[in-house]
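A single chain comes next, written as structure tokens; it is the form predicted alone.
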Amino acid sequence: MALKGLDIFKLIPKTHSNCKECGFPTCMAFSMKVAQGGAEITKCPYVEADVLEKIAESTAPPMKSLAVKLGADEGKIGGETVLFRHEKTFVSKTLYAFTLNASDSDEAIDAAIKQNVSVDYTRIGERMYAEFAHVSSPDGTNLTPLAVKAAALGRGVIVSTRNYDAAKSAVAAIADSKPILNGADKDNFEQFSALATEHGILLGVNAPNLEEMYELVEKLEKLGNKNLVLTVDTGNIKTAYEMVVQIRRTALMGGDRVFGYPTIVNVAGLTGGDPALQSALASLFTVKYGSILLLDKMDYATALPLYGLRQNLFTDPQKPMRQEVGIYPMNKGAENDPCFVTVDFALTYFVVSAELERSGVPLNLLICDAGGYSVLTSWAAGKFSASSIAKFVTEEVESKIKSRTLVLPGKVAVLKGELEAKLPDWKILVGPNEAVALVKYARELVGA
């Protein structure tokens, strides 16, 4: 049962009451925050180990949060607390893997790698690419050299096999990459668990139905292994969907931590090589509720809609997406080229910058601090005003830019007069209302 703030307060030692070393003014304030999930109990340096474990277990989310290594980067899976995004927010975005089959020829594998890694682009400040290379060899043949090749790609690696000797060799060869070892089942789970524990890596648990999955997880937990990922690997779409949903509901609604782990869904195994079906199922299991999806391949036809869906789904609506404040030269813009100013709302930045780049006109795009809101919203809230723009230009722009031409967004033309008074050395112009008209406007501005 989850502990309340007062329960946690009673467990905290009183030898250093209100010491503030946790960053909170009182022990009670800290205890309440821990109970709400807003602070870690480890921030109190005086809690004894047994009490620490008790509180940490009670306040942990119903689904365990696990770190995964993605080449030089790190990511997280799990940690979810709600079934639906509108209830609160989702925590860890779905990650994607393309598959390399050990049974394929070297030429086919190299071609697959080239095609899959070519899908790598930025959308609204987020890198869009397949975070994992999934290497598969059910019987273990050629697994180690393929795993080494995958690890060299600088992405996360998932090693799928039921052959213990092959798994041991492959994991040892790429131990520094911290791969996910996927292949524990009712016959090999003791060996696979020991191997995963030895290397400190996550273990993928495989079972054909919920009952066997539950029993297998219980056995692994009795062995002391709680770094698990539940793999849904069945050729039946209906069964796969039911398993993923029931695992999440059992953990979050039922409070049963046996199923409180992230999931891997083998989408490639459900599609029979049909790319359209793969895209559809990848979208389905991004929404419901795959933590990692194993795809046959990642191409732009799959990526563009899929990553757009993921970004919309896993963006916290309570935290505006913001572009870093600063000066962004466009088309080799230099200090003598005109300046266009807009807000730091990420979507506004990417729409405006795309149109300005399309114009081909050298210029400087100025991103002003507006609280992460759109142009009209930030203006209405007083965050994008003549004063804030003038302050930004005076403090950050004038020492770096010689041009004294500043173009305002058309929807805040009302700021022109006040801005002229605050920036007397600048020529203040009013641009178009819509970004799509910026191409023509920019070209006409410089006489292009």
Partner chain sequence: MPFKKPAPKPGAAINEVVLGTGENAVKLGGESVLPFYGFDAEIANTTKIGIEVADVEFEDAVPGIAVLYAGATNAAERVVRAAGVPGVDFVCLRFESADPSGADTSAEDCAAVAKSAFDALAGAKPLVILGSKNNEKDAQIFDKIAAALQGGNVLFVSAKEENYKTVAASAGLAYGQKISPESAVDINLAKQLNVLITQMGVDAKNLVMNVGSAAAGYGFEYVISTIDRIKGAAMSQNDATLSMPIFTPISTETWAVKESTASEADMPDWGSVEDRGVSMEIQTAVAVIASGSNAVMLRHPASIAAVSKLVNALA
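Please read these numbers as outputs of a predicted model, since none were measured by experiment. Residue numbers count along the first chain shown, from 1. Rigid core (definition): largest C-alpha set, two forms, superposition within 1.5 Å.
What follows is about the form predicted in complex with its partner chain, which we do not show.
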Verify the contact flag for S177: yes if a non-hydrogen atom of it lies within 4.5 Å of a non-hydrogen atom of its partner chain in the predicted complex, no if not.
no
Taking its partner chain as it sits in the predicted complex, is L306 near enough to touch it, meaning that at least one heavy atom pair lies within 4.5 angstroms?
yes
Taking its partner chain as it sits in the predicted complex, is Y214 in contact with it (heavy atom to heavy atom, 4.5 Å or less)?
yes
At the 4.5 Å heavy atom threshold, is A276 in contact with its partner chain in the predicted complex?
yes
Contact check in the predicted complex: M253, F259 and L347 versus its partner chain, with a cutoff of 4.5 Å between any heavy atoms. Do all three pass?
yes
Picking from D185, E126, D369, E242, the single residue whose non-hydrogen atoms come within 4.5 angstroms of its partner chain in the predicted complex is E242
Since exactly one of K427, K10, H16, K440 fits, which has a heavy atom within 4.5 Å of its partner chain in the predicted complex?
K440
Of these, 244-252, 335-343, 158-166, 188-196, which stretch puts a heavy atom within 4.5 angstroms of its partner chain in the predicted complex?
244-252
Which residues in 294-315 have a heavy atom within 4.5 Å of its partner chain in the predicted complex?
Y300, A301, T302, L304, P305, L306, G308, L309, N312, L313, T315
Answer yes if the CA of G372 moves 2 Å or more between the shown form and the other one after aligning the rigid core, and no otherwise.
yes
Any chance the CA of G360 moves 2 angstroms or more between the shown form and the other one, core superposed?
yes
With a threshold of 2 Å on the C-alpha, tell me if K411 counts as moved between the shown form and the other one once the core is superposed.
yes
Closer or farther: C-alpha pair E126/L438 in the predicted complex, relative to this form, given a change of 3 Å or more:
farther
Just say closer or farther for the C-alpha distance from R127 to R358 in the predicted complex, relative to the shown form; it changes by 3 Å or more.
farther
